[in-house]
Structures are given as structure tokens and as C-alpha cells.
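What follows is one chain in C-alpha cells, specifically the form predicted alone.
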Amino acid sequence: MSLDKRKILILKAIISSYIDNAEAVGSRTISKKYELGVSPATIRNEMSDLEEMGFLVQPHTSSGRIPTDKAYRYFVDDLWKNADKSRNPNVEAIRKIIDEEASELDSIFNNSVRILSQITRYTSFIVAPHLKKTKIKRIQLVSITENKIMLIIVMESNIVRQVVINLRSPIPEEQLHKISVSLSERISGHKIEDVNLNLKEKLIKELYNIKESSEYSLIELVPFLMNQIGKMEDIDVYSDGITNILGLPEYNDLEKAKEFISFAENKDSIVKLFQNAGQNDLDISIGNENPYDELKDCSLITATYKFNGKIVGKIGVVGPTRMDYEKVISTVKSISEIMNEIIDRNFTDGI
């Protein structure tokens, strides 16, 4: 049994209604809400056929039907035919916001992931570029309080990493300055992976020679500094709207919501999820197509962003299978294209 024109219209109407209301859809609802030119009885018969074909399921005997993953896949594949033409209508306003602080890569990522979450009302992520090939420009240690300092690492493309360090005893400002100068002189221009592979032990020995006072804190500080530089080889994840799912009827079950939030806050899980999502300009996985149990009721839409035509990271949205695919696809695609333009324009020395 194939999907003729009428079945397609009825299936799309059911999907549209369920996306809007999250309620099982009956034939009368379709008849009243959509002008399909057929009676409720005919719609009922077609819905029965669609159920037999695996596009619909009836959650309760007396209720209407809801779409299955197969139905969403059919719907999305149809949308995908026009994905190249799909752009968010507010693309210029989005570009202006992201472009406001485009001198720093962190700002581009933070603004992009925030806007994506605000527009879609779902959970958004950006998997940032691998930094191990990135060169360090300078390192600075700044005193915040007597027993608290901030480590600031500035890399190429104005990527900045900041970490607050709690000390057991204070380190004088002069000593912090000497450490900053010593590190910057020796590390500036080196890639992060080179520091970790070739310079780490040498730097630790040299820094231990800076012993004017507070020796105990310095012994504690130096390995921490090296450890923080080492951590920068890790892939970074930016996220926004993780708790947005709490407002969705699919997550009225608190335990289910907690499982999703726990998954979304696990950086390693998100990196693996995005790495396995495919390397196309746009990829969509629906419901059971996702490899993780926590996402079996979700859809993932990802897009790549590039530098000089080379993929350097991914941006994406996780939401319920009952999502507004047309809106989300166009928004993800538009923001990834804006990121491509801004990164190419502002970071000629690479990322």
C-alpha cells in the first residue's frame, strides 16, 4: 500500500496538529481544522490505513492517533528536499546579534547557542573546534582576593580560557607576575599539544625556581597550571536551554526529565552524540534513530560550521520528536551559515 496524495495530506495534517497541541488527533479534528475536501468517515478510513502502514499509532482505544518516528521521517525527508532554500526569516537580525562581539570566538559560540535556544525553545549545543593545534599567545595570573587568583589563557583567534584557583596561602602579586611572564615567554607561539608533549616537565622545573615566598602554594599551583593547559586539548561544548524540556508535556514525568538533563549536562555524551551524527552540512536523527535511550523520544538536528571550507565543529538542537521541523531546520541552517561567514571574515589566522 503506497502513500497517495490524500494519505499524504492527511498524514501531514495529523503531524501538524500533533506538533501544535501534543494531543492525539481524531478524524473530526482533521476535518474541522483542515480543508481537505473529504468527510470524517473517509479521513478515519485513511487513518486506519496509515496506522497499518506504521505511520500512526493509537495510544488508547478511544483516542485519536499520533505520528510515529516513521511518519516524522517521511515528513522530514519531504522538507529536506527544499532544505537548501530554507532560511530563517529573521536571518539578518540573527546575524547582527552574533556579529556584535565577533572578535572573540567564545562570544560567537555563546551568542549563537543562546539565540538558537531562544528561537527554537529547545536545547541547543555547539561542539567547538579541537584546540590542540591552536597556538598560545599569553598567560596571565591575576589576584582576585588574598587566597584566590584567576588563570587567564589567551590563544589565537582571541579564544580565552579563564579558571579561578583557590589557594591555601596567598602568593604575592610580584610572584604571580613573574610566573605569568615566565610562562608567556616560554609558551607563546607554541601549540597546546606541543606544550603537553614536549615542554611540560621543563616548565614545571623552571617555575619551581621562582621561590620568593609562599612556597607551599606555588608547589600546589604549578601542576594545576600545567593541568589546565592540558585540559584545553579537550573538545569544548557550549549549551543553552537545557531546562527548556521541563515546559514540554512529554517531560511531565520528573524522572524522565532528570534523565534528559543529566545526559545534556554530560559533555562527553554530547561530544559523542554530535560526532556520530554525520558529517553532512545538515543531519537529522529522529526518535529511535538516536543511539542513546535518553533520546528515544527526541530528534537531533545538527549542522556543520567551517573555516576555509573545512569542518571545524557542529551546532545543533535536541527537542521532542514532536518538534516544528521546518522552523528548527531553517534556524539551525541559518545560524551555521552565519557562523561560517563571521569566522571566515574575522579569523584569518585560523581556529
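Numbering starts at 1 and runs along the sequence shown. Keep in mind it's a predicted model, so treat the numbers as computed, not measured. Whichever C-alpha set is largest while still superposing within 1.5 Å between the two forms counts as the rigid core.
The discussion below concerns the form predicted in complex with a further copy of the same chain, not included here.
Residues placing heavy atoms within 4.5 Å of a further copy of the same chain in the model of the complex fall in a single listed stretch, namely 165 to 173, out of 165 to 173, 183 to 191, 111 to 119, 268 to 276. Taking non-hydrogen atoms only, residue 238 never approaches a further copy of the same chain to within 4.5 angstroms in the model of the complex. In the model of the complex, residue 223 stays away from a further copy of the same chain, with no heavy atom inside 4.5 Å.
Proximity of residue 154 to a further copy of the same chain in the model of the complex falls within the 4.5 Å heavy atom cutoff. Using a 4.5 Å cutoff between non-hydrogen atoms, residue 150 counts as a contact of a further copy of the same chain in the model of the complex.
Every member of the trio 102, 160 and 254 reaches a further copy of the same chain in the model of the complex with some non-hydrogen atom inside 4.5 Å. When you look in the model of the complex, the only residue of 97, 246, 79, 91 with a non-hydrogen atom within 4.5 Å of a further copy of the same chain is 246. Looking at 140 to 154, the residues that come within 4.5 Å of a further copy of the same chain in the model of the complex, counting any heavy atom, are 140, 142, 143, 144, 145, 148, 150, 152, 154.
Taking 2 Å as the criterion, residue 252 does not count as shifted between this form and the one not shown: its C-alpha moves by less than this amount when the rigid core is aligned. Core-superposed comparison between this form and the one not shown: the CA of residue 177 exceeds or equals a 2 Å shift. The Cα position of residue 71 differs by less than 2 Å between this form and the one not shown after fitting on the rigid core.
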